[in-house]
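Below sits a lone chain in structure tokens, taken as the form predicted on its own.
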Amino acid sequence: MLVDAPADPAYFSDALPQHIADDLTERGWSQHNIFLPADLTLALAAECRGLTRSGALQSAGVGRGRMQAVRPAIRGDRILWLKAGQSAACDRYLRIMEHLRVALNRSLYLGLDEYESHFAFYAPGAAYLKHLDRFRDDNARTVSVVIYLNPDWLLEQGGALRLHPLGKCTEDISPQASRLVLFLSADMPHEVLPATRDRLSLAGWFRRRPDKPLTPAFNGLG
């Protein structure tokens, strides 16, 4: 189900989170083609490019703790975590996601406590092999979020997010600017395919308190 409606708190309606909730319940993922206002998308893309040029983004690792390591053959993006006060564009984006967090809790009773997010920059040829977003020893990540910042993206340029829904055909989602994709962190294997041009996005996670059980209505989704 696709909803082409921008999502600033000033005009954020209940329709969008309800569509997302329905999609997550029925199939474990949701796509919305025009989520961020155009001016905010452009501002975030410019900020990501500027941070990349300045060397502020760092090569992302795989694993966690003492086992974490940079392995470009597995994961080739460079990232920088967002912080409140980092920029006007980032603060505006984080307010939008806070509004969405509250709305999803109303719809699905997920007990989502916070949202974390980082810029992700993939140079041409970089990829991220098939994986899950939730760590085996930490169940805090509940809903994964990707928002793309690439204007005028062409299908032949690659860079798709490939979802692997259990028992179903794969879904390839092109990283077109302002597109929002959400999926259940524990249940949706996915990968990032290589592209022929720079690929910019915001990756994030709605989190709940570790070890907090899901509501009975939400158990078994995906």
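All figures in this text were calculated on a predicted structure; none of them were measured in a lab. Throughout, we count residues from 1 along the sequence that is shown.
Keep in mind that the form predicted in complex with a small molecule is missing from the display, and what follows is about it.
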For the chain shown here without its partner, which stretch in 188 to 196, 51 to 59, 64 to 72, 37 to 45 has non-hydrogen atoms within 4.5 angstroms of the small molecule in the predicted bound form?
188 to 196
All three of Asp133, Tyr148 and Leu161 touching the small molecule in the predicted bound form at 4.5 Å, heavy atom to heavy atom?
yes
Using the partner position in the predicted bound form, report whether Tyr93 sits within 4.5 Å of the small molecule, counting heavy atoms only.
no
Would Leu16 count as touching the small molecule in the predicted bound form under a 4.5 Å heavy atom rule?
no
Would Ala203 count as a contact of the small molecule in the predicted bound form, using a 4.5 angstroms cut-off between non-hydrogen atoms?
yes
